[in-house]
Each structure stands twice: as C-alpha cells, then as structure tokens.
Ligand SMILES: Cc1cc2nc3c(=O)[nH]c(=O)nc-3n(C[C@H](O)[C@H](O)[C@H](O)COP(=O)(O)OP(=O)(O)OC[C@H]3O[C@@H](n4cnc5c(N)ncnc54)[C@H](O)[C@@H]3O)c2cc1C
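As structure tokens, one chain now follows by itself in the form predicted on its own.
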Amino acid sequence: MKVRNFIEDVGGASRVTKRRQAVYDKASNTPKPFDPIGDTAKKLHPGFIDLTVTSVRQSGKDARTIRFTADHLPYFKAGQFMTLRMKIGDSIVTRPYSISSAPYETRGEAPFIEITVRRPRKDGFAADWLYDNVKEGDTFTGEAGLGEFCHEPLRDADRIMALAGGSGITPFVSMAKEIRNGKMKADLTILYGSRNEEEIILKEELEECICDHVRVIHVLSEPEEGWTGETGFLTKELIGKYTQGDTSYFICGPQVMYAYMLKQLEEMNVPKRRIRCEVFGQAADITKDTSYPSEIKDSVFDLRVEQGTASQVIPARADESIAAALERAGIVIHTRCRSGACGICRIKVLSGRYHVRTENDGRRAADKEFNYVHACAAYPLSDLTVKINIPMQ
C-alpha cells in the first residue's frame, strides 16, 4: 500500500469509482458466458455424476473392488466416501462407500475411482446386490468427495495411527497410496484387525504401500498355525507399542469396534481432539436399542408422504428407517452418510411418533423442537405423515 496524504487517500474511493465506470463504458454490450470461477467450482464439486464400471476384481475373501470412470471425476481427500444410487427391483436406494483408491488416481491419462465392497455377514440388501450383480459396463449415478474422515494438517498431528477392522481398512488404503506416491504429507501406521489371513482385505495393495512413511501391522484374532505376527485385538497395550510421539487416531470398522476403541484410547489419556471416527452407520438392529419399545418391533405402519402437491401412503416397518421405507416404495430421497450425521435426508414430520437412536441423532436443537428428522436415522412408532423435498437430479 502506498500512503500519499490525507486528501488523496480519502479521495481514493472516488478515483476507483471513476476508473471502474470508464471500464464499463468501454465494455462490449455482448455478454461473455464464460465463468471461470463457476466452472472451477463445478469441476471440484459437480454434485451427481454419471459413473461407468470399468472393472471388478476380487480383493480378499468376500470382498470385491469396483472401478469407475466418468467424464470428469471430482476432487476428494483420502479417507472420504462416495455414494451410489442403485435401482434394485422396484426400490431406488443410495448407499455410501469409502473410497479405496487415492485422489491422485483420479488424474492422468486413465483416471478412475474405486470402492471395495464386502459381502455382509447378515442381510445387506444393497451391498449383497452390488457384490453379486455389478459388472463391467454397468452405469450408476453418485457423488464423491463426501465426509470429514480425512487428515487435516491444521487440525491433526503429522503422525496418524489408523485403527481398522474388516472393511474399515478401505479409507486407510486410500491414505496409504496417497502418502506412498508423495501426494500427502503424513506418517501413517495401520493396525488392521482381521479374523485370519484369508479375510484380510486389499492385502496386496497394502503391501505395495509400505515405505518409510507407511507401516502396516496385521492383527489376527483367530490366526492359523504358523502365523508369527500380532494376535488378539487392538488393545491399548498394542496401540501403545506402535505409537510414537504426538499422534492422531483414526478409527474405522464395524459398529461394535467404535465403543471398544474409544474406551482403549480414553484409558491411554488420548485427547478427544486427537481422535477421528468414521460415520457410525445405521443401527444393525434398532429393536435392540435400550430406549426402543420392543413390543412394536413387528409392526407395519402407514407412512403418508407429501412431496410438492403429491401425496401417497406407503407401508413402513417399525424396524427399518423412514429412508429405507421410502426407498423400498421406489420414492427417491437424497441420502449420503446413512448415519444421521450430515442432514442431507432431513424431512419434516407433520404427525405421528418416531424413534431416533442417541448415537445417530445429529440434529440441531431447532430441528428437534420443530419436528424435523434425518430420515436415515428415524424409525416409525405409529402411523406417520411426513413432508419431503423433491429430490435433486
């Protein structure tokens, strides 16, 4: 900044105004449609994109990696997730999947993005369908670059301790690849719990990532004879054995893992600001929630859905979320996290009773007061009337 004198500096605004007007007067009357800022924003955050499956490969027992391409793949951070919208019979469902490929792989001559799907041990509906049916050439719509489960240098330590179980390894494979290829500055140690060697997911990819800044320690709970590595569970003693200095702890795995791991870290006196958890996911069985009225678990209620000027009544089971009931009836609802956290599936309950599990209640205080719920985390306790938005395309 150049300081002149009081009169000239105070009069600076009028000089700028005159210069701006002179530019306007010389400008063409023909509008220029090019919007560089808007175009860049659309490339970084395009919303829904059309995805095409280019390959499907086995990545361990009961796990398959699906590779997609698109006209333009959006930017994302290692650890984030993507959603896929699928038509299964008469149902239109959206499900989130952690991205197992690295951000740098979305660039170059043959860009792609990958997810790794494991066949659920119990009824998984969408996951089972995807695992059994997806093939090269199939097309989907989806969104990528979602969630906050990623390393942020301003918030997190330079050292990351990844605590993974089962298919929870996928976001850490993305991080490991990005670090291995010099695109992410962090030191990553992965403690990966599996039942046995056969059930390790993405084992080859993990081994290829091992370097000065990436360590992988497999921990088997039911090892076969001859295993010489770590055994048992991810205890505080085991975590402490591999922790060095100031560390951020990232947890991803089955639901039962979260409470256990948080207790281990609490006993290690790890500050909460150094703990990051992947979104919790829907309850495996809402009827086992301590505050759920179990006497209605087999009930089916009438769910009246008001959308714009249209209104229809569909069945809604007491043991499945409102979002699941809408999808089962073929009504499109925009969801992302499926954990009650992000609020994308926020709807208004006009009448009726519902249950929201404490662990999945990510609503604001005002939403609770004015009867808004996140459809993926709300369960009917009576006949309901809800108002939903016209879905985004």
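All values reported here derive from a predicted model rather than from experimental measurement. Note that residue numbering begins at 1 and tracks the sequence as displayed.
Note that the form predicted in complex with the named molecule isn't included here; everything after this is about it.
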Report task. Please run the contact check for residue 191 against the named molecule in the predicted bound form: heavy atoms, 4.5 angstroms, yes or no? Result -> no
Report task. Flag residue 347 as yes or no: does it have a non-hydrogen atom within 4.5 angstroms of any non-hydrogen atom of the named molecule in the predicted bound form? Result -> no
Requested in this report: Classify residue 127 as contacting or not contacting the named molecule in the predicted bound form by the rule of any non-hydrogen atom within 4.5 angstroms, answering yes or no.
Outcome: yes
Query - Heavy atom of residue 120 within 4.5 Å of the named molecule in the predicted bound form - result: yes
Report summary line: Answer key, the named molecule contact in the predicted bound form at 4.5 Å (heavy atoms) among 276, 151, 95, 159: the residue is 95
Report task. Quick one: from 299, 196, 91, 243, grab the residue that has a heavy atom within 4.5 Å of the named molecule in the predicted bound form. Result -> 91
Requested in this report: Establish, in the predicted bound form, whether 167, 281 and 337 all lie within 4.5 Å of the named molecule, using non-hydrogen atoms for the distance.
Outcome: yes
Report summary line: Answer among 326-334, 349-357, 65-73, 42-50 for heavy atoms within 4.5 Å of the named molecule in the predicted bound form: the stretch 326-334
